[in-house]
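Below, in structure tokens: the form predicted alone, a single chain.
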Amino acid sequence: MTDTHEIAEVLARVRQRGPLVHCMTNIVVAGFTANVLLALDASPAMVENTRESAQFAAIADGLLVNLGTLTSERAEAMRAAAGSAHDAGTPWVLDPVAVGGLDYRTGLAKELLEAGPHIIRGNASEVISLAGGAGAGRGVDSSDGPEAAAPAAESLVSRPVGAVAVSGPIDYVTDGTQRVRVHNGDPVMTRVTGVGCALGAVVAACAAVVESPLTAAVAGTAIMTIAAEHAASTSAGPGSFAVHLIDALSLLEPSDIEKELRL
């Protein structure tokens, strides 16, 4: 069973090893995502063209595929990178942004499932839609709660997926056998663009240093939500929160996770 000491140790490993994370993410959040990873002593790289994405996915320590701002070329690069990661054994994270609301990205996400993502991280509506249900989402916003997505999350794990992390007021993570609820976080996280997308990159960094997809998904969630609590306590609003979150991630210690993680 996942415990706080085990989760805290993942942060220590990320800081020690500095995993190289290949981020195929959306244009709105690329810089913020890179800074989040740098604050954790990981190494971000944004390689998204069709000529290099497959090659880089094979040599990176982890891969994030985020469907936020799709183009035809980017979609082709994502297919190549996901397939290459699968073949090379590179752990990769699928963030199915706005899946269910738009047909093209929904079809692409379901196609990418065949490459066996190590972890899926999304909101409840995205996860429900990815599993074939009717999620009540609007773009990147979810109208479903994490618990409503629990059956969908478990059905996705029955495919070649290691774990599913559903973000919400209480985050829900499952590998189909164990079910973990993370009670940390702050509402201001939803008022800054890129926090959820950057979380996918943090999960990919954790997946690069620990074998268990469940542990990696819980650790990434814990790192971001506990840092968010620290940042919110010193922020005047969403603008200062975004800056303070980078600082909080940089200062976060494994001992903070062990003491403050609420499962």
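Remember, predicted model here, so these are calculated numbers, not experimental data. So that there is no doubt, residue numbering starts at 1 and follows the sequence shown.
Not on display, but discussed next: the form predicted in complex with a further copy of the same chain.
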| item | value |
| --- | --- |
| Check all three, 25, 34 and 49, heavy atom within 4.5 Å of a further copy of the same chain in the predicted bound form | yes |
| a further copy of the same chain contact at residue 191 in the predicted bound form, heavy atom, 4.5 Å | yes |
| Exercise: residue 255 in contact with a further copy of the same chain in the predicted bound form, heavy atom 4.5 Å | no |
| Residue contact check: residue 243 to a further copy of the same chain in the predicted bound form, 4.5 Å heavy atom | yes |
| Touches a further copy of the same chain in the predicted bound form: residue 71 (any heavy atom, 4.5 Å) | yes |
| Region of this chain that lies against a further copy of the same chain in the predicted bound form, out of 211-219, 197-205, 37-45, 224-232 [heavy atom, 4.5 Å] | 37-45 |
| Residues within 4.5 Å of a further copy of the same chain in the predicted bound form, restricted to 219-250 and counted by heavy atom | 236, 237, 238, 239, 240, 243, 246, 247, 250 |
